[in-house]
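So this first bit is one chain, no partners, the form predicted alone, shown in structure tokens.
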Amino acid sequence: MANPMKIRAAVQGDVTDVRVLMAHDMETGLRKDSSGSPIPAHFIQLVTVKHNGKDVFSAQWGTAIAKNPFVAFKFKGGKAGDKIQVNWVDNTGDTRTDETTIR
């Protein structure tokens, strides 16, 4: 299982600023190890973010995303104390879900 994500969500006025740092290797499948064998592709394919159970952000990624990806976005309608839930699914079927409370 992957390490927990670092999630920060803060509201200013009617705009909520969300920042997420995901811990993931993000191998492209193009590199080779020291013995010359290809390292299998291992990358996040789908990211979804929910605010109190409603989708506010989603992204489909490929192999071009860097290791330990960082995502930042803003949305309207959040309030202090609301829940933000972030989920990713990688190409091996592994998944991780973490949540935080808007400050």
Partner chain sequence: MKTLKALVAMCGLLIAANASAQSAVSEEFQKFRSIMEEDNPAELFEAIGEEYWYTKAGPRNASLEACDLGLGPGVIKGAYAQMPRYFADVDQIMDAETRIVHCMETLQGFSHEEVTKQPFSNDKGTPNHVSVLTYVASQSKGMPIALPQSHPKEREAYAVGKEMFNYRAGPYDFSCATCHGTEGKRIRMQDLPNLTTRDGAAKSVLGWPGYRITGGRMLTLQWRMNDCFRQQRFPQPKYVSEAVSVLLTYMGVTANGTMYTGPGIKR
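Note that the structure is predicted; figures quoted are calculated from it, not measured. Residue numbers count along the first chain shown, from 1.
The same protein also has a form predicted together with the partner chain, omitted here; what follows describes it.
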task: Could you tell me if all three of Lys50, Phe73 and Val86 have a heavy atom no more than 4.5 Å from the partner chain in the predicted bound form?
output: no
query: Would Thr28 count as a contact of the partner chain in the predicted bound form, using a 4.5 angstroms cut-off between non-hydrogen atoms?
result: no
message: in the predicted bound form, is there a heavy atom of the partner chain that lies within 4.5 Å of any heavy atom of His42, even though the partner is absent here?
response: no
- prompt: Does Arg19 make contact with the partner chain in the predicted bound form, using a 4.5 Å heavy atom cut-off?
  reply: yes
- prompt: Asn3: heavy atom within 4.5 Å of the partner chain in the predicted bound form?
  reply: yes
field: Within 89-103, the residues that have a heavy atom no more than 4.5 Å from the partner chain in the predicted bound form
entry: none
